[in-house]
Each structure stands twice: as structure tokens, then as C-alpha cells.
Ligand SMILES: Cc1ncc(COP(=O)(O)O)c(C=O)c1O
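We begin with a single chain expressed as C-alpha cells, specifically the form predicted alone.
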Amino acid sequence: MKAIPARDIAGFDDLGLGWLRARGSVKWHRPGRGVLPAWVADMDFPTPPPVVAALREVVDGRDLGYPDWPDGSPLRTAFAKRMAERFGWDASGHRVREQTDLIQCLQLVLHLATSDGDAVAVQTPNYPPFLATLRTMNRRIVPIPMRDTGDGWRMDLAALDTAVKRAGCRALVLVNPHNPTGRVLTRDELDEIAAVARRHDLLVVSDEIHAELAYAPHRHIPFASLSDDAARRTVTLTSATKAFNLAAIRCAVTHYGPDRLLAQRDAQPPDLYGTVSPLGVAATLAAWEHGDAWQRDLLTVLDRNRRRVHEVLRDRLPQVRHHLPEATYLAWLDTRPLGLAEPPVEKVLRDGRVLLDGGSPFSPDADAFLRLNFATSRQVLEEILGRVAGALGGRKG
């Protein structure tokens, strides 16, 4: 398939409310009439043209039979190539296995590598389905707090070493770039985490799905690329779905560093955990091989939007604590200084008619926090920010 030139990409600000509300996806369908959604981590932008072209090519070819992948899907070599080109990581395509989404990847790894009652360290706050997975699988959650240091969010690495030792953790679930705070861990931080993992013989399950959504000068570093030891103990989870807005294609990859864990995975019945669709593979390949121009435009828009969120909060809600995210399209807002008598998610929905995410699903102590998705057009974002500021008693714009 030929690459789609950047000039053919539709404008990221050409999003009409009628078109958005007519979409069947959960983000716009669930909130109801008159409510603007900025909650679930889907972008509002249309599917990248190279992905549309690739899917159309498959469908127009009228060939949706069983794929001939005796040695695994083409994603395996494509992933290794992408990691080398983007991050300088010499990943092995032979260690890649396909799954339908990142949560399934995590659940499978935890099922194979840990047991009922085992302790697993995880940053808090965190992506709610990850925390729900640990609870449902009866893994003991060992929280490693992200601290607001005044100039940004920092992972409490001293707490990590102490907590892992005290709880006897078997694994660390590392989300980097971090959801919901938007932090990108530095090499020094990652090296400290790697030292803790080596000292306590931890399996590191590294969720790197937001890796391609880091803003300069911040740069993502794959955990498995740090050293030979890190590579041998790390399972890397990723997908094209976040960076290219493709959640519905149901396609993700797991890169297994530990030999024993990869052998355990391959010893499972071949279809027990499902297989990926050829359409999902085609979409992912098109994104990785032909979507870079679209993604560059996307990052320009998201960078503008994150700065606009920061600006409006500074000017209209100066008491709300917020740090400019270093990656992702999610802003994490601390409303505790407002002293609200009710959860801010409920207040903003009732008084502002905007649905945000946040609260205790992210962490038991996150009741007063909001997560705002700013991956939308300039016009829609301005309306969202105006409504949120008004609902929280902000200054007039």
C-alpha cells in the first residue's frame, strides 16, 4: 500500500458536534444529550487516512479468510522495526505475541507469572482497569505513590524499594508514560527502578502504550532497553491504538523478555486467549508503516491543547493543581484546594454538563481528582474548559 501524504490528512479542528454526537463509540454515545465528553481515553479525531486505506484494501479484496501466518503475524517483525527506529531498542520479533488488547496482555502475563495472593507493586494513581484486574485476580496491590513535588509528578522510588521488600512482591506493573499524570520517566529514574527490580528479582510488566505520545524535550525510553538484566526480566505491552486512535481494532502486542515466561505462554492451548483479526493487523501495520506524517500533525495539535488546558486552569482556576503533562492527551487535576462538598466528577457533570473521569477508581485517595481528555478540536475543547471552569466556580473567562 502506498503511503498517504500529509496534505491528504483531514484538519484536526474540523470536527462538527453533529458528526461527533452521531458516532456510536462509547465516548460520545454514553453521556447523553447535551453533555460533552472528556472522560474515556479515546481521541475525537477521525481514523488516520493510511489506516482507512489499508482496511478498505482488505475489504475491497473480498478476502477475509483464515490468514496464513505459520510463524506469527507480520506484527512481530513490524514491532521490532518500530522499536529500533523510534527508540533505539533492539527488540526481538521472535519474542512478540499478539493479543486483542492491552488489558488482556496484562491479565495473561499475571496469570502465567503470579499466583493467587501474590503481591504486585503498581504506581498510584493508575489506569482503573489495571487496578480492577489486580483486585479481580486476587493479587495484593502494593501501591507506589506518584508524589506531587511542586514542579511535577514523581514516582516515589524510596517507597518502591521499601514496599517491595516488605510485601515480598513478585512483580511490578510499570505504566510509563504514566496514566493519568502524564509523566515520562527519565533514564535515571528508570535505572533506579531497574536496580530495585534486580535486587528483589522482580518481573517488570511495562505498559508503554503511550510511548509515541511524548512531547519534546521528553522522550520515552523502553524499560527493556536499559540493560541485559532489564531485558531478561521485562514484559513490554503496547499497541498502536492510543497513538493512532484505533481502540476498536482490538490488537495489541506483548514482548516477552524472560525465556521461561515465553515458554509458558507458548505451552498454552493455541486459541485459549483468542487470536487477533487480520483487519486489526492490517490497521496496525498501516499506522506503523505509513502513519508518521499524520502522527506528527496530531502531536502538534495535542501540544497546543495541553498548553491551552494549562493556561485556562492557571487563569480561571488557579487553586486547582495541575502540571503540564509530558505525554498522553490526559490532564490530571487536583481539586482538593477547592474544598468541594461532593466529588468533582459529579459536580462538573451536574453543573457543567461535561463528563470527566477521575475519583477513587484511580486510587483510594483520588476522590478529589479529575482526568480530562483534551484530544479534541479547538472549538470543542474551549467549550469543555469553559463549562468545567464555570462548574468549579472559576473566574470569568
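In this text, residue numbers run from 1 along the sequence as written. Since we're looking at a predicted model, the values are computed, not measured.
One more form of this protein exists, namely the form predicted together with the ligand; it is left out here, but the text below deals with it.
message = Under a 4.5 angstroms heavy atom criterion, identify the one residue in 241, 305, 114, 73 near the ligand in the predicted bound form.
response = It is 241 that has a heavy atom within 4.5 Å of the partner.
task = Heavy atom within 4.5 Å of the ligand in the predicted bound form: which of 202, 91, 209, 122 fits that? Just give me the one.
result = Result of the distance check: 209.
query = Counting only heavy atoms and a 4.5 Å cutoff, which of 254-262, 293-301, 99-107, 150-158 contacts the ligand in the predicted bound form?
reply = The contacting stretch here is 99-107.
task = Please run the contact check for residue 36 against the ligand in the predicted bound form: heavy atoms, 4.5 angstroms, yes or no?
result = Residue 36 lies outside the contact set for the ligand.
task = Report whether the minimum heavy atom distance between residue 41 and the ligand in the predicted bound form is within 4.5 Å.
result = Yes - in the predicted bound form, heavy atoms of residue 41 and the ligand come within 4.5 Å of each other.
ask   = Would residue 175 sit within 4.5 Å of the ligand in the predicted bound form, counting heavy atoms only?
value = Yes, residue 175 is a contact residue.
request  = Although the ligand is absent from this view, report whether residue 250 comes within 4.5 Å of it in the predicted bound form, heavy atoms only.
outcome  = Taking the distances in the predicted bound form, the answer for residue 250 is yes, it comes within 4.5 Å of the ligand.
query = So in the predicted bound form, are 332, 335 and 369 all sitting within 4.5 Å of the ligand, heavy atoms only?
reply = Contact check failed for every one of 332, 335 and 369.
message = Residue by residue through 110-135, which ones have a non-hydrogen atom no more than 4.5 angstroms from the ligand in the predicted bound form?
response = Residues within 4.5 Å: 127, 130.
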